[in-house]
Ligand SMILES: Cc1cc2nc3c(=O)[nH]c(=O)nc-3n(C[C@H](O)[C@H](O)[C@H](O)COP(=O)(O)O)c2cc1C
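Presented as structure tokens, the chain that follows is alone, the form predicted on its own.
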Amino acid sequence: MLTVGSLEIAHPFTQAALSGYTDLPMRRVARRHGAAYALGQMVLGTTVTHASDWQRRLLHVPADDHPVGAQLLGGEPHEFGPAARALADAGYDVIDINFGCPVHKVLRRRRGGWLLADPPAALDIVQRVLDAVGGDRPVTVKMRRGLDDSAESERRFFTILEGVFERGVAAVTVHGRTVKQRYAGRSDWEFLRRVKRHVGDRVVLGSGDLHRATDAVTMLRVTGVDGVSLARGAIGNPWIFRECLALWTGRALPPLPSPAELRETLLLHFREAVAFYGPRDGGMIMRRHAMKYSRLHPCPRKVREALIAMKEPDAFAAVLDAWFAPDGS
């Protein structure tokens, strides 16, 4: 059991927010395969508060998409409170604040990981979100271990970490890489262990280098964090959640999905994407997801080539028929 404020989550293996991926279709597929808690894609506060087709999709939280968190990104503190309130009113169970995104265009706008260099601004944002929703929704924060490896960067990290907990944040997710590292090099799990020891019984989730179920379970045991946030390791592999649960409860690791199982899940994901985005957009968005699924196929390179050659969304069914036969062949 993982407890985040008033929210009880069945197990410690959670679906991270992933820009361009963790929309409603992906979350539904992840839940079907064992994810007990999922975050949506990170969104700008201005996107939440300005009318658009995407805003309407974002603010629709169906009954089967719980518990679910919304992750807010931005650089202007005054934008966070109204956006957080709108997301809470829409039905999101948790409001998560992103202080970790390392993408250059985000950093240039003083958003995401850039805020780790400015503790007063970061803590102002947290307070505004807490003031807006803290009474009836848990608020959480996503961080990296600093902008870089300098002592000053680490000092600022701990200033923000202590400050958010003092203000009433329910949990913090810490990625073991710096912003400067982006996705290169190793995630520093020893740093995660230090963070958990530093905050005691306050809730910390770990992130970084969780590509397999064995990684997730090892992180829990080695670092002492309360939960793990599965990011890139869950793209195209929702089975990772059932694998984590099996290892965590002492059961044997389930076999890899067969082509027939891959087909069944791809069809589910495809139907969800088309229902959410419409036939054309849903079909083309699904190609990106399917390329990730192809890594689990016995012939991943050939499947990927077939998906790249896809010019129309209707061709997706033909790729499935050619490479993911219903009988598993």
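Start at 1 and count along the sequence shown; that's the residue number. It should be emphasised that the depicted structure is a prediction, and the values quoted were computed from it without experimental measurement.
The discussion below concerns the form predicted together with the ligand, not included here.
Using a 4.5 angstroms threshold between heavy atoms, A306 stays clear of the ligand in the predicted bound form. Although the partner is absent from this view, R232 contacts the ligand in the predicted bound form, with a non-hydrogen atom inside 4.5 angstroms. At the 4.5 Å threshold, heavy atoms of L24 stay clear of the ligand in the predicted bound form, well away from it. Using a 4.5 angstroms threshold between heavy atoms, N98 counts as touching the ligand in the predicted bound form.
Each of L18, M42 and D209 places at least one heavy atom within 4.5 Å of the ligand in the predicted bound form. Heavy atoms within 4.5 Å of the ligand in the predicted bound form are found in exactly one of 200-208, 153-161, 74-82, 120-128, that being 200-208.
Taking the ligand as it sits in the predicted bound form, the stretch 167-202 comes within 4.5 angstroms of it through a non-hydrogen atom at H175, R177, Y183.
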